[in-house]
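You are given structure tokens for the same protein chain in two forms, set apart as structure 1 and structure 2.
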Structure 1
């Protein structure tokens, strides 16, 4: 198998290198992309979609198919980490550690010993590789997370009018949950945002994107031709503003997918798939 894999990599690498020789030089101003394609997109984005951010128009409209497949690849990455790392049954460590909240003392309880109740307010479980509890870090992150999430929603909502969009907003939303996990622990995070929730929201994000395209088909237009949404939005047929709303809907789907898969991958990587201990 190793020899087969090595031969496959060598052959694919040789083919990619051979065909890369036909690509335009890096930064070549006379390449087809720079002579007519890029100027066309930059000059017509406002006229075609009423969207000032030409980058968002290119990603979610002009090359909407490609971005939809990119979102699908993100979901596939989450699935790959799940199937490769997730363990059905978590192996309990030989000893568990608990912090006595009133005094801050740490207790080590060997396997078979009596454990505190899961909802105990006096004892808090900590990981085997634990860091000293910091009230400042925990409360500071708790305050920061709210502002990070608020800014993430702004980035998604205004991504077609200013720098931002679904990918950027999704990363911010995902990082806020990861920040909570790092400043507290994985078990508390899973109680607030379960693995199943992350998986379902990731799939929903892809469905929102592709579903927008299917609605366009039902309205008698091409897939992801947002102008077909005009009657549903109360606009005149062919109104470019419909494309702006269509872009916004798929950006929401992208944000859902990126946020959820980012959290899903973190859960499995940080705990080696056990979801018992980890950052």
Structure 2
């Protein structure tokens, strides 16, 4: 069986490479991909949408419909993780670990033992696997997280002019929360960014995207035709800025969706759906 698998892979790879030899040369200006539609996109992006970064225009406007579904794919991944992994009934581990904060001592409390109060300042619960109390990691991450989030907002807002946009910004935002979770623990993260928030915000993110398109439809134009938004934005009809703002609106939706779904998936994967002890 292994041999058959290996042979199939080798044959497929060889065929793919063999037929790739017919490809136009790398960077060939006369290849169909470079002469047919690309010039249209490059030349018209400023005129159509007033967005210098043509990648953003293609992604969020010319082929914005595809991107809407790509965002939905991200949300679906989050939903799938939740659907398959999440266990609502809490299976508490046989022993719990607590740290006595003033002395740094670790306590192991067997099942049935008396646990410290939930909001105790003296005892903090720690994960059973390995949780050294590292001042350096906690404080460095605390410092970094703010800047990561600020940079994420910059990336979301500047997708029109530089590489970036909703997906990248959303990933950065999500990773800042995940960083917090890694440097502290899952329970503390869940208190700051609840599972419900992640789930609802993910759906709302995609709703912002498709809702923007639907508003265009309600304004009488085709779905996702941002031009129709100009009366709502106080612009003259045919002003390319309407498309620019439309693109910005969907980028924000993408950022929300990607951020929340990243966090949601992390919650479910790191704790095997139990949301009790994470990485």
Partner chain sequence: MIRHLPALLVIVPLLTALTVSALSWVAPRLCLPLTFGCIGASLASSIGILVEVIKSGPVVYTMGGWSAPVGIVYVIDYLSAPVLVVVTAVALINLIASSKQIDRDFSDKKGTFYTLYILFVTGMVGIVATGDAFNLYVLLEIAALTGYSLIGIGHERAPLSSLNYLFIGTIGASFYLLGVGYLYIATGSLNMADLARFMAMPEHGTSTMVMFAFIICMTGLFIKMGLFPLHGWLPNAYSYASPASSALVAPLTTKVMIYAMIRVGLYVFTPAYVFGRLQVGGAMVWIAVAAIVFGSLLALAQKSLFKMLTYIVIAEVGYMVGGFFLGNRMGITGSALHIINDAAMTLCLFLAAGAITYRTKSDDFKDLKGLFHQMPFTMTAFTVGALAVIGVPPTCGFFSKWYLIIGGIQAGHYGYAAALIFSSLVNAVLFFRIFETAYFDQPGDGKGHHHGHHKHHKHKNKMVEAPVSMIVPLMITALGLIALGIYTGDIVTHVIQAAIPGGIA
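Positions refer to the first chain, counted from 1. Take the two forms, superpose them, and find the largest set of C-alpha atoms that agree within 1.5 Å; that set is the rigid core. Owing to the predicted nature of the structure, the values given are computational and were not obtained by experimental measurement.
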Identify which of the two structures, 1 or 2, is the form predicted together with its partner chain.
-> 2
Relative to the superposed rigid core, does the CA atom of residue 28 travel 2 Å or more between structures 1 and 2?
-> yes
Hinge rotation between structures 1 and 2 - smaller rigid part turning relative to the larger, in degrees | 34
